[in-house]
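Just one chain follows, in the form predicted on its own, and it is written as structure tokens.
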């Protein structure tokens, strides 16, 4: 009896848990990560959403997310997260977790070995790699590895802003520890930005020299051994008032590929990350930030021929992958708002039971 090809080679069943299901004006990467993984069509997938709030839209996208569980905020501590993940794993038998928020990565990295013992894989940087690219450490990291990074000052008290402004001059960029940045032109504006960012993200706050130029974002995937598996550079075409890309296009420039490769070799980066670049009119590329996870626009990598989330899945499973050599230049993404209609009973269920 002849079996069909699909029966001879059944797809591997995988249960993958993903965070970052919010899709507001500053969206999380989770929905885009899930879309890219599902598009690869190489596995029989069950996607588990891990949410923090009941109004994260990804919870209700049932064509993408099979079931969602709420997890405790990072501020609740590592052990509370571990307890919740253990309970979810008992039900779902998770194969892989892909976290997508900066603030939660410390906890997931700390738990990675314990999760591995339970049979849950991750593919994350280690703590040394994670801390090396932190906003607080980035300027020193750049000097050490001969990468161009704008000069900055770490500010723990509001009165330290005056000295930072004198050193770096106005306009000045004031940044939160995890997210958000504000361009200020006076000391009064700088103080307001300090208090706002302190209240939202805690201390310290970073004051960074303002650099003008063209904003470029680079999605990067490293194997943890110094090898760059994928690089996709994107130029922003439309930017929100929060500085987030609402439209972008893949571009061709060997210098960006070289910069990404230099970063991966310097850090032995493991997993996905995003380099935020400002290229001056003189052609100097400054690394403004290194986000230690996939960006919200990561689905563009699938459209350009280098599906980074799907490739990360393979790497996490221990499959051998070769570095990508080509991608399609001129691929665009345009983000859009879409009204998702659901029943209040679903909202009540996730709010009360913590799962949907």
Partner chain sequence: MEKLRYERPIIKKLNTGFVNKFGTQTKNEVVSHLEGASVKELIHQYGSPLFVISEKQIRRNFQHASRVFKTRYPKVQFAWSYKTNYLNAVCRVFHQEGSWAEVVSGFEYEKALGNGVPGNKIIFNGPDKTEEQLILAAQNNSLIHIDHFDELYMLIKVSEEFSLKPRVAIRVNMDTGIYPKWDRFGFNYENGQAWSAVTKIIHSGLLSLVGLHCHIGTFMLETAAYGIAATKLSELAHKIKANFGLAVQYLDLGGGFPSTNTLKGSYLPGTDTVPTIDQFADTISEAILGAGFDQEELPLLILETGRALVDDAGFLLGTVLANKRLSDGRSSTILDIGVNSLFTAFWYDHKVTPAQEGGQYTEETVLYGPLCMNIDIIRENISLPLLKRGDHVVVHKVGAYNMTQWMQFITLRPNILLLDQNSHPHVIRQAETLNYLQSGELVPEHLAKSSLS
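Numbering follows the first chain given and starts at 1. This one's a predicted model, so the numbers in the text were calculated from it and none came from an experiment.
Below: the form predicted in complex with its partner chain, not depicted.
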| Distance check, residue 157 to its partner chain in the predicted bound form, heavy atom within 4.5 Å | yes
| query | Hey, in the predicted bound form, is residue 178 touching its partner chain, heavy atoms inside 4.5 Å? | reply | yes
| Does the 4.5 Å heavy atom contact test between residue 119 and its partner chain in the predicted bound form come out positive? | no
| said: When the contact criterion is heavy atoms within 4.5 Å, does residue 80 count as touching its partner chain in the predicted bound form? | reply: yes
| said: So if I measure heavy atom distances to its partner chain in the predicted bound form, which of the stretches 101-109, 266-274, 223-231, 238-246 falls within 4.5 Å? | reply: 101-109
| query | Among the candidate residues 186, 162, 75, 212, which is the single one with a non-hydrogen atom no more than 4.5 Å from its partner chain in the predicted bound form? | reply | 75
| field | in the predicted bound form, the residue from 203, 182, 148, 257 that sits within 4.5 Å of its partner chain by heavy atoms | value | 203
| Residues within 4.5 Å of its partner chain in the predicted bound form, restricted to 13-45 and counted by heavy atom | none
